[in-house]
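Encoded as structure tokens, the following chain is the form predicted on its own, with no partner shown.
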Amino acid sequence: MGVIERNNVHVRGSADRTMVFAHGFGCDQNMWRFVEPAFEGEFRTVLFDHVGAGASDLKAYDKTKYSTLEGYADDVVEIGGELGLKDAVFVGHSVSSMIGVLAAQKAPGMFGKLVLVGPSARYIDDGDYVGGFSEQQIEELLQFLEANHMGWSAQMAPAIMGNPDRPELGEELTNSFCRTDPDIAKAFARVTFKSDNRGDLAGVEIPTLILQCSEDIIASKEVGEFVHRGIPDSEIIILEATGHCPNLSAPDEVIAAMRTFV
């Protein structure tokens, strides 16, 4: 099976410039359905599912390859190579922000700009670094997921989404989490929440925009500001949106912020 089929890649439009959208943990490319269409006229847009998510080829999942974010970044580079990407815009949500940071350094010239939505370089506190969670909290979260995937999804998804006044958003994220293969979800969660990409930020040499929600229990403002300080000459926009998924909860604000940059 080729890269395009493996990652369920969809390409729309025929503009000279390309914009690639990458989804976060427990999600798939459908999470971009309110944002991507706004850029179809100016860009060739690329949507895909990480292996193990959405309609990707589950048989392609390899525990060793995907035991680090490097494996997912390698897939992004393969997709870019297959599509002949040059100077493209990479838009990554949540954990895909760091996957994009890695991919951009693996393939210089493939991406000309990065848009990082709700990024975190490390979720676990470390000395003076505030990631938002203690080591014990992350371990308990992962143990809960490993013991009860459905229960974890039902409890965590609405909290991650935020916006309790719009319960349909939490329900959508819950359903998305529940559709994910449990074993792959457990492994990807451990990779996501245990990763430390602080040392990779300084190596980003292309213009980068960070979109930070005003309230986000997964990636706080302090976390977003750390990523901003770590990436040379990056820009940060604090959105009025709350929760961890503004691409669903506040797509118009995300689109407007992206337009000022791309």
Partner chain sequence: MPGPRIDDFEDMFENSPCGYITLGVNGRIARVNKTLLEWIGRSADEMIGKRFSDFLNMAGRIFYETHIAPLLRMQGFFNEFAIDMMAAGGEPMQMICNALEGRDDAGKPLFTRLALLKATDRRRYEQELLAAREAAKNSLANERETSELREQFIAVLGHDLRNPLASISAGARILGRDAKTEKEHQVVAMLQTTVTRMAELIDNVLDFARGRLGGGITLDRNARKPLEPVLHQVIDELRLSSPGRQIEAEYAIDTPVDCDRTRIGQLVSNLVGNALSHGTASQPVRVRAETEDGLFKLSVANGGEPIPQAAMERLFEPFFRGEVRASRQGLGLGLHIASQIAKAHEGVLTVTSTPEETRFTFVMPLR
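In this text, all values refer to a predicted model and were calculated from it rather than measured experimentally. Positions refer to the first chain, counted from 1.
Another form, the form predicted in complex with the partner chain, is not on view; read the next lines as being about it.
For the residues Val46, Val227, Leu211, Cys27, the 4.5 Å heavy atom test against the partner chain in the predicted bound form is passed only by Cys27. Leu141 is the sole member of Leu141, Val130, Ala187, Leu83 with a non-hydrogen atom within 4.5 Å of the partner chain in the predicted bound form. Candidate site formed by Asp16, Val117 and Ser220: none of these residues places a non-hydrogen atom within 4.5 angstroms of the partner chain in the predicted bound form. Although the partner is absent here, Glu235 sits far enough away that none of its heavy atoms falls within 4.5 Å of the partner chain in the predicted bound form. Contact check for Tyr72: no non-hydrogen atom falls within 4.5 Å of the partner chain in the predicted bound form. A residue is said to contact a partner when one of its heavy atoms sits within 4.5 Å of a partner heavy atom; Leu145 meets this definition for the partner chain in the predicted bound form. In the predicted bound form, no heavy atom of Gln105 sits within 4.5 Å of the partner chain.
Only one segment in the set 201-209, 33-41, 49-57, 64-72 has any non-hydrogen atom within 4.5 angstroms of the partner chain in the predicted bound form, and it is 33-41.
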